[in-house]
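In the structure tokens that follow, a single protein chain appears in two forms: structure 1, then structure 2.
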Structure 1
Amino acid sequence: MRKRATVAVVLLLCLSFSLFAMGNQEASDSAPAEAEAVPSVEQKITFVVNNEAEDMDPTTSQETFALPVINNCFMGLFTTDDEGAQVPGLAESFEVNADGTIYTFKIRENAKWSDGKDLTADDFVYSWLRVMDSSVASQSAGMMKPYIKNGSKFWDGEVTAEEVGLKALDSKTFEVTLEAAAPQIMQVFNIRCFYPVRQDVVEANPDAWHRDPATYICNGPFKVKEMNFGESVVLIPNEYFWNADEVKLEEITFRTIPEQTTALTAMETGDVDGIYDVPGAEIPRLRIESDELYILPSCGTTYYLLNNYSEGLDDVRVRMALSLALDRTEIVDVIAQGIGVPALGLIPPGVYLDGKDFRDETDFAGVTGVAQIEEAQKLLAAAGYPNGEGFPELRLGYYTNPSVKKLVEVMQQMWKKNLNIDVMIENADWQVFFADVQNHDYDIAAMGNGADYSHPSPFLETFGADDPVHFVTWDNTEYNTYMEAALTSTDEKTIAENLHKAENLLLEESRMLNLYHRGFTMMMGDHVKNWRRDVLNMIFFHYAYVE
């Protein structure tokens, strides 16, 4: 019988990179001190995820659903401790030159792969080049190539690999040269695309090495024992992990249950130890009845993509009318159960740049927390659709998820009531839906962004020409100029000014439907201690144990 937790977590949004939730709320000492008191009980847990990831290669994947496996099986130069602070990972030390453009990392002598082979500086060189190789088409390339010297030119085929700012000075010394000093680069190095993968393993089966436990060679605290597709991924400790003595869990089963209500039932009957998400409709009840509910801060924004080539959506007046006709406060109250705040812009509150909350200096292009119905109707009429007459039927696509289903239904109702237009709802499983989005086969699509680090850039880069995936159907020279100026500057004021200009342009042209800034909910039994989930939606079991 699982014991219940005593939890009090206040919803804050993205106040700093170090915000997190821990399984032991009263524990603030280091993990090793906690670990000494671990009782001798079976160290196994089952944690429910709602969707199965297609791509679990850290150098290519941008799937949120891959994070639980990737973040517990891989590690980069840096990691975070049990309080969420950035600490050395595979790099035991590093040096930076005077102008902040050259970083020299010393890789741990005992850093190894999960099959026992040495992990070397050459592994980092290969992995980072892989991210920036356009033939690989990594979804994460846009988060690396602007920073690394000649990274963008390598992507474009203008320079060779030898000309990129990556060098293995010896087997354990890795040198990185940047295009220019970047104040945020230490946070950037934490992103999963900067994790190393091994060349011989990847090249033996480039498309599927990450889908087979026998070839999923990793370097983190855990390794994969089983991949039961459609059912579960099972992890066990990686005995070659450099800090293996601190890993206490003997087995983690990430069990796939698509239906959130089914997952909740499994949690409440004691069949599983934790669940990744909670049905929105159940949150009011659980707030009263359960002390295993966690309401956590999140550095993320839920927004819907608009296809700028679809009939009607090629007109900024229509796009703005759709945006203004939505009541974001009602969406937060009814759909998000009050967990979050209305998104008047793209960047969530609590992201600081140049000493200021980025959210404080944005022109929201007329968007407020409530629907601007009269203005929306005027814009729709001016675009040639008075009272919705002759408006083309648009497809509102979403992936299988009860909360998202409820959200699209509410949006559909708001547009019918406020604009007298009909929008058709389409549903597909995540992998089918995501493939359609990548192929631009949508009119309006349920998406969003949970940042890889606490900075405006991860949100805004998605809409720029430098993004290799480019889910959006929009390319604007002025926007790209702002983004390039921001990503190549070393002055935070200049960076902030250009990123504000980029976001304002995005909002003025209503290139997406910004809905709300997220919080997120989950459940975990009190018997599971020292787990951690941070504002970037990364869940870690490095120091976790069962009491």
Structure 2
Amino acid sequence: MRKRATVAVVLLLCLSFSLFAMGNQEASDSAPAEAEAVPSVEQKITFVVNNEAEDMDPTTSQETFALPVINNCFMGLFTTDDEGAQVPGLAESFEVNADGTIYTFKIRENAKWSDGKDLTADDFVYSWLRVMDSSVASQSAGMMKPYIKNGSKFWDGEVTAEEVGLKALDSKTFEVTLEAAAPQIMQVFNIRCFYPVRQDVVEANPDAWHRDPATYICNGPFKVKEMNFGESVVLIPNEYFWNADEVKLEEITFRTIPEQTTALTAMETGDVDGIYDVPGAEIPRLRIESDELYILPSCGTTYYLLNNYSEGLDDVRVRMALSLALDRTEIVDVIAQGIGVPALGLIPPGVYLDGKDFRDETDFAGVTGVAQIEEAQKLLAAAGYPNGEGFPELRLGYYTNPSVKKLVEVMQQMWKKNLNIDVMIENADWQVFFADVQNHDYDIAAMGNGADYSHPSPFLETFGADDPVHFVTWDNTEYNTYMEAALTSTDEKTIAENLHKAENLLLEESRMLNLYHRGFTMMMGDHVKNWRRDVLNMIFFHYAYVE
């Protein structure tokens, strides 16, 4: 069907071209016909998302489904280019003082809000204070307040807003004072809670300003034309965007289709131009049949927590045996449909530090892509459980989700077959499961990390003493020392060295079962060009167009 449609389109194009050529004999020789044909294509696309957004206010939102709207309607001090490199966004330039604690941003003269008002340094001060105001209860507060001078004290009500390290030196100069130099701060500035929002609209309706196109005043390439709850959000270009001349799409519709198979049907019938996710079972077929399937890397790792207080798991040999007995390649092929790569360490590939891919420098402590059964059996025997005899029955906890279910079943089988040990699978709702993990009521628990910014620290902090959530049952002074040395330094080399030491320690001690680095699957029609989805799951249509 698709082929026939393509043939028809080609024929039609040929026909129109020949008609065009007949009418304009002279013109057809000189001008390339294609270049002239491009603008005539309707610059409208429909992209399917799977859920209604929970919160479209950049200062409070933390979930995935708001990202398509927020990423295309708002911008922060920085943005990313086609290669994903950080480039100036609303700030045209910035300076840092010698010890890396004061950042001074020059905001673009032509930076404006979507209603034409000037975007100033005061807007940044207001928005960032909003994130750190405990009465607002922004879920993103934890990603901002530790970095900004007096941020945490402001949250606790100990200091006034004036004492927080945010200052508008003049209408276009914004000065940020940090609590201490932070090596990851440039990446952190890209997180959406650092995007500015408009004081007057927010204050007029603090909880619901982001649910009405009329009050959804933004500053990015697009603005909202329609919001139909549970159905769609329609974007149109923001004529006041500082780089509005480069924006080509005239309309983007984000259509909510909860059922992935329906979304795929809509894609295959050509009713929509792209879909956010693809049903796992269809991936093998689509890999062969479709050239519109995209498998993209994600800055995320799926790993399982091991409880240090559980019998057996307090022995490094047992933990290592469990890890080595898993065939990570099979896990990726069978469970993740070949999406992602086996995780030999914790940090996914593509995270750069000191000019190098962090992944390339890691010592994987003997873990490889395939199971090392003999080695695992030896370790288990050395720990006092030869051939799995006398091994306590551990609980393998996971949350209700079909693909996670498949994964835990495969792990259970691998351990039974390779080590002759039994684990008991326990299932719960995410809400219940998460509470159990926080209370350390687990032996082995499904977990993972999708990073908010591209840096090793958010992954490694989970296992450190300072992690606010602290669902890890491990407190290692050596590890904490490395982490502190890294995160208080301004020298990239020192930072990288110490973070490597920390990760290596984690892997040597086999403190978690690192399984695979995640990937995204999605589809986008060939006619849509110049869009981008980065490893942080941000999808950009800023300068996209239809061909």
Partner chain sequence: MLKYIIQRLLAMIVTLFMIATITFFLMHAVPGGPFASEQKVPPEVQKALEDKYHLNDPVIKQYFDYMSGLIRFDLGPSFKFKGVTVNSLIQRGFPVSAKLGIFSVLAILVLGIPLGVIAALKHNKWQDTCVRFTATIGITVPSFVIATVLLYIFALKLRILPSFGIETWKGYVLPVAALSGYSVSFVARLTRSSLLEVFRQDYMRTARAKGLGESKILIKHGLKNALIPIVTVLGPLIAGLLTGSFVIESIFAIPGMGGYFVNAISNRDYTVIMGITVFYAAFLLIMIFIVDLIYGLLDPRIKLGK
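In this text, the rigid core denotes the largest set of C-alpha atoms whose superposition between the two forms falls within 1.5 Å. Structure 1's sequence is the ruler for residue numbers, which start at 1. This structure is a prediction, so every number in the text was calculated from the model and none was measured.
Remark: structure 1 matches the stated condition (the form predicted alone).
For the rearrangement between the two structures, modelled as two rigid parts, a different rigid part is recorded for each of Asp122 and Val367. A rotation of 32 degrees carries the smaller rigid part relative to the larger between the two structures, according to C-alpha superpositions. Taking the core as the fixed frame between the two structures, we note the C-alpha of Leu313 moving 15.9 angstrom. Per-residue C-alpha deviation between the two structures, core superposed: Thr301, 3.9 Å.
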